[in-house]
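Taken one at a time, structure 1 and structure 2 that follow are two forms of one protein chain, written as structure tokens.
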Structure 1
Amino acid sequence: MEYISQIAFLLVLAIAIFFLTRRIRTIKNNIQLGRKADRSDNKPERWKNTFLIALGQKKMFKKPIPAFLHLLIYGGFLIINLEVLEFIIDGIAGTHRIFAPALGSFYTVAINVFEFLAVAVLFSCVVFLIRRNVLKVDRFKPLAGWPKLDANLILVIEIILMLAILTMNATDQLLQGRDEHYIQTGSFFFSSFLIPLFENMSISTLVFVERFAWWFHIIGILAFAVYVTYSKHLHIFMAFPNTYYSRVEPKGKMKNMNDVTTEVKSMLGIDTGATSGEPPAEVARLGAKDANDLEWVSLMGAYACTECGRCTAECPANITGKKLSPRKVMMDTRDRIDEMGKNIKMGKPAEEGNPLFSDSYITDEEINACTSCNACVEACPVNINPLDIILQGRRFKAMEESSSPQSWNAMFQNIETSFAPWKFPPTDRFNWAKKLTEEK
């Protein structure tokens, strides 16, 4: 009988770990559906980015107020979760506040710090809920359905989890006063404000409330961990690898297509250095038709996206009312890659359903509207690159489908025949100088 709570705890833990590892494996497999991308260059720069942008949240501080509140949640949540370690040990060993005797007065200080952070998290979550639902900040407006619910849910869950911690500490303090079996921890500043709520309860009710809050918090945290992996809140983890693997070259540089280089060189009769007789490597699809034609880094970006809309708010096409939204590009990519992963699990071909670049996801109208201005890339707090995806889509349209807009096809033709995007006779190219050299 006395082991029952420990067994129950182990069971809960096992279930959480099961779901968590299963989901992580799925995400990993989904990301690996993407094409290879070599990001082994410039490691120092990559670590610097990870440190400043992911850990230091440098790009968030372009908007100082949300950045500060976000920092409270992020820091608070990370540090408070140190307490989860104690929860887990207590849960398995059947102990109560196992660190308290060993840490002595330091324990009191630590819990007080955690409580302060819990209140800070609570406060920030409330402000964020207000920003989203009452003030209706522009960049959140286009979100509807699940993305909107997801954003609100997470904030509400965090508030409830923080309340659970404070309730637990408040009742625990009361119990310490009434029952000498309880480990004496000293008083906790923030939760003591809640004491009046529980003061008149009997010991057995207090024990129940304290235990309920304990279980609620730990189950909540574990459920939250699983939930996060299905939600935009995956950015908590993905921000780090995503920043590390983001491009460190000048933003204007487009990735060279080496398959095309080989072909162009042989067309121009330039020695490719390839030994003759070697069978030409199978040329993959040019550009991207579907999510698995994108590089794995782009797919990882899709899972790292927090749907914050900072990219879309800076996008010149979107600002002026065009359909293009870089946030939607990332969300579509994630939805499609999730769908492709499900196809595989069900034993179907991955490509079943509508491809990423089709009317079901990212349309021609959207990719054609992009000015490749890099504002979205610059704006993204976790260094996601929606532009890369858009340009891969354009490559497929231009080279595999020949379905670029009419005027682009005309421009291509001008370059081919007149070596300029406009139709001028190439012999006129140097005419500008005539006027000048005749001038005195």
Structure 2
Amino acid sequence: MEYISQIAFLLVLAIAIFFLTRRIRTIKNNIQLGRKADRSDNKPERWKNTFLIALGQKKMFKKPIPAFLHLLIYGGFLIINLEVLEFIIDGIAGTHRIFAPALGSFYTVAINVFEFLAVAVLFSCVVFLIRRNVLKVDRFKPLAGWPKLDANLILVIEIILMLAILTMNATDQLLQGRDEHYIQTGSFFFSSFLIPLFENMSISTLVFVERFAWWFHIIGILAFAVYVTYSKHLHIFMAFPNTYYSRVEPKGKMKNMNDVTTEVKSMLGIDTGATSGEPPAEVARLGAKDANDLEWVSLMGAYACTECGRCTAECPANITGKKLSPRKVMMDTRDRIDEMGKNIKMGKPAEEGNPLFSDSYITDEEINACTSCNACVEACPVNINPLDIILQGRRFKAMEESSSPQSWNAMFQNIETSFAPWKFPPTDRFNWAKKLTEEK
């Protein structure tokens, strides 16, 4: 009988690891549907961005109040989970607070720090729930259905998990004075305020409450770890690789299309690096029709999206009433690659269904409204680049489907024939300067 608890814990842990591993493999395979892209350059700059932006949340502090609250949740998430290590060891070994005897008074200090962070996380989550559902911050208003429920659900789960920790510690402190099997740890400040709620309970009831809170917290943490991989809160983990692999070139530098560059060089007689007599490589699709035409970094960005809406709030097209929303672009991309991944699992072609750039996902009206200003890229707290996805979609529409707006096509034709957006011959380009000379 004494091993039932350990067996049950190992079973729960194994189930969590199984589902977590399977989901991680799915996400990895979906990201690898994208085109290859070399992001191995400038490693010092990449590591600097990772520490300052992903770990240090540098870009979050453009809005100090939500940034501070987010920092409390973020710091609490990282540090409180150190206690989960003790939970896991206790669950496997059948022990109770295994670190307490070895750490002594330092253990009491550590748990008090964890409790402070638990209260800070609880407070921040309550404030965020109020901001989303009572104050209704503008950038959250467009979210409805599952995205809205997901955000609220995560906040509620975090509140419950923090209350479970405080409940466990409060009942544990009472049991330390009544049951010799409970290790003496000293007083815990914050959970002490909950002791009056439990002090009239019997020892058996206290043991039940303490064990229930322990099991609830560890199962909640393991379930949360699996659930996060289906949630927008996947950015907790994906922010780090996404920031590391994000572009380090100036934001205004637009990436050329290698296939087009090679073709132009060949037409101009410039060496393209191809071996003499070697047939030209088959030209790949120009731009992107579907999610698998995008670079893998863009697909990873879709999973790293926090759905915070800072990109959309800064988008000048969106501000002026256009339908373009960079946040929606990233969410649509994520939905499409999830759909493509499911197609593959079912033995269907990945491209089955409506492509990414269609009325079902990202429409022509949305991508044509983009001014290419990079405001969304600058605003993103984890360095996601919605503009790259928009540009690739526009390139496909212009170069393969010729479905750009009529005024754009006229401009393209003028550039091709007259080397300028306006319809006049190149020989007349400097006529205005001749008139100035004649006036003198």
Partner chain sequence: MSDITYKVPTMQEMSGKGESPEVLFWVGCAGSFDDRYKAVTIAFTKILNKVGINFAVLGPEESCTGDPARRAGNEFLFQMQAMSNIQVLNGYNVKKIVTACPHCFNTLKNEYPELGGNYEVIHHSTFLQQLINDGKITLKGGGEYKGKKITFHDSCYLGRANGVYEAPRDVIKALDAELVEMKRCKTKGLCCGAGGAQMFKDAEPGRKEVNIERTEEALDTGAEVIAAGCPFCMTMMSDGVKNKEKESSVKVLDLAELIAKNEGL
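Rigid core (definition): largest C-alpha set, two forms, superposition within 1.5 Å. Not measured: the values here are computed from a predicted model. Numbering for residues begins at 1 and runs along the sequence of structure 1.
- Where the criterion is the form predicted in complex with its partner chain, structure 1 meets it and its counterpart does not.
- In the core-superposed comparison between the two structures, the C-alpha atom of residue 21 has shifted by less than 2 angstroms.
- Aligning the rigid core between the two structures leaves the CA of residue 432 offset by 3.3 Å.
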